[in-house]
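Quick heads-up: it's one chain on its own, the form predicted alone, in structure tokens.
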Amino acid sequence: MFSSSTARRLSRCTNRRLLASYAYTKPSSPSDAAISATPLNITDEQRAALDSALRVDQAGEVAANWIYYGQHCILGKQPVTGPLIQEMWDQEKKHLEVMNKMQLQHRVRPTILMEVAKIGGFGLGAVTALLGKEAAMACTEAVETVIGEHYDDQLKEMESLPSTHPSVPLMREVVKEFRDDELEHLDIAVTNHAQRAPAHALLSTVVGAGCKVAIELCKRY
């Protein structure tokens, strides 16, 4: 039997050409409305929900990139942990590239807390890495647990958006893809002894609570 992480990787390799993000990273037609236009015939409430979703997702990907940057600065040269961090960081770089394009496409104001996300992300990544590779993986486990739940909640909220505009179904598929990536990172962290970190329960609680607060702040500001 394959582990859930291995099974997900095999599935992703099999369906590599079907990844929703390729519409943005490898567009066949840059003028395609799915990647160049935003729905106009929606209510104020729907527009607010769309803006909030993309604002917080972009900020989250910024923070994730800086978390992995901080971890990589400390652990990047370790023969096992370094490549794992780099692999996850590379996926987050792609996530951010796509979210930046979606933010512009849908004319969403970025969060005013962007610099806080960068500094906080780097600090969290570096500090947990200084505590050891297990603590770094515990940080990843806690963050990706919250983000996976956040994306699940977001997909439910997106059900209210009209599927008649081609950007909406694509947006949902991108969120599903990124959620699966984050859950893969969670599996990687657990497999690599996240739960052996000193004060694992306390670390997970603090990091998870911080992520939830950051999500709510970035939705609004």
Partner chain sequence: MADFRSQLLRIATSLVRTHGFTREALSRSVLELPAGKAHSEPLSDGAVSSLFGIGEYARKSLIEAWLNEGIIQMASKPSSSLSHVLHTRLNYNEPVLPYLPEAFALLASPERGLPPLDPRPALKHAARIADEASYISGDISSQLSWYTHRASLAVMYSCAELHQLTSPETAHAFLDSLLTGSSAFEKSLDEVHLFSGYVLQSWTGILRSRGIL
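Not measured: the values here are computed from a predicted model. Numbering follows the first chain given and starts at 1.
This next part talks about the form predicted together with its partner chain, which is not shown.
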{"query": "Contacting member of T111, T145, Q91, T81, with respect to its partner chain in the predicted complex [4.5 Å, heavy atom]", "finding": "T111"}
{"query": "Distance check, A194 to its partner chain in the predicted complex, heavy atom within 4.5 Å", "finding": "no"}
{"query": "Contact of L54 with its partner chain in the predicted complex (heavy atom, 4.5 Å)", "finding": "no"}
{"query": "Its partner chain contact in the predicted complex: L104, any heavy atom under 4.5 Å", "finding": "yes"}
{"query": "N100, heavy atom within 4.5 angstroms of its partner chain in the predicted complex", "finding": "yes"}
{"query": "Segment assignment from 146 to 154, 131 to 139, 112 to 120, 83 to 91: heavy atom within 4.5 Å of its partner chain in the predicted complex", "finding": "112 to 120"}
{"query": "Its partner chain in the predicted complex reached by all of Y22, S167 and M171, non-hydrogen atom within 4.5 Å", "finding": "no"}
{"query": "In the predicted complex: members of 126 to 151 within 4.5 Å of its partner chain, any heavy atom", "finding": "none"}
